[in-house]
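First comes one chain, alone, set out as structure tokens in the form predicted alone.
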């Protein structure tokens, strides 16, 4: 009887630990950059949820900047750029390309929405 109880406690503890690890695992969000646009250009995440932005360029070097969150990365064709963050501020934050890529560059932006 004691062995069954102990086994049940160990299995339950292990399952709970796995569930906690899965809950804390970063969410990966893929964002593609190409001349004058990001896809998707609107991303919604939860406050406090660890996440990794996986940035890729389809054509040339682009920048990725979110001034309100202190983020800046360069996106190089053929490479993934990974940016880890855990957003703590709720709100809408503009991201944009800060590497000039031609006429239309000024319109290359998007929104990161952090929900409570």
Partner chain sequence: MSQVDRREFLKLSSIAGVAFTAGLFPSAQSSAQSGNFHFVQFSDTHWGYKGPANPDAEHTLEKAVATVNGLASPPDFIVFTGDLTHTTDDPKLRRERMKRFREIVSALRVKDVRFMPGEHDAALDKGEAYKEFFGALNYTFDHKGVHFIALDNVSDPAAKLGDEQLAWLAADLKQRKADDRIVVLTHRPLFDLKPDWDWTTADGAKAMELLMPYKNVVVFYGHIHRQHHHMTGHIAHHAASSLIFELAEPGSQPKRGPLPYDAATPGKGLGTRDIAMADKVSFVELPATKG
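Owing to the predicted nature of the structure, the values given are computational and were not obtained by experimental measurement. Residue numbers count along the first chain shown, from 1.
Just so you know, the form predicted in complex with the partner chain exists too; it's not on screen, but the next bit is about it.
Only one of 69-77, 83-91, 26-34, 45-53 places residue heavy atoms within 4.5 angstroms of the partner chain in the predicted bound form, namely 69-77. Among heavy atoms of residue 109, some come within 4.5 Å of the partner chain in the predicted bound form. Interface membership of residue 39, defined by any non-hydrogen atom within 4.5 Å of the partner chain in the predicted bound form, is ruled out. Residues of 48-67 placing a heavy atom within 4.5 Å of the partner chain in the predicted bound form, in sequence order: 60, 65, 67.
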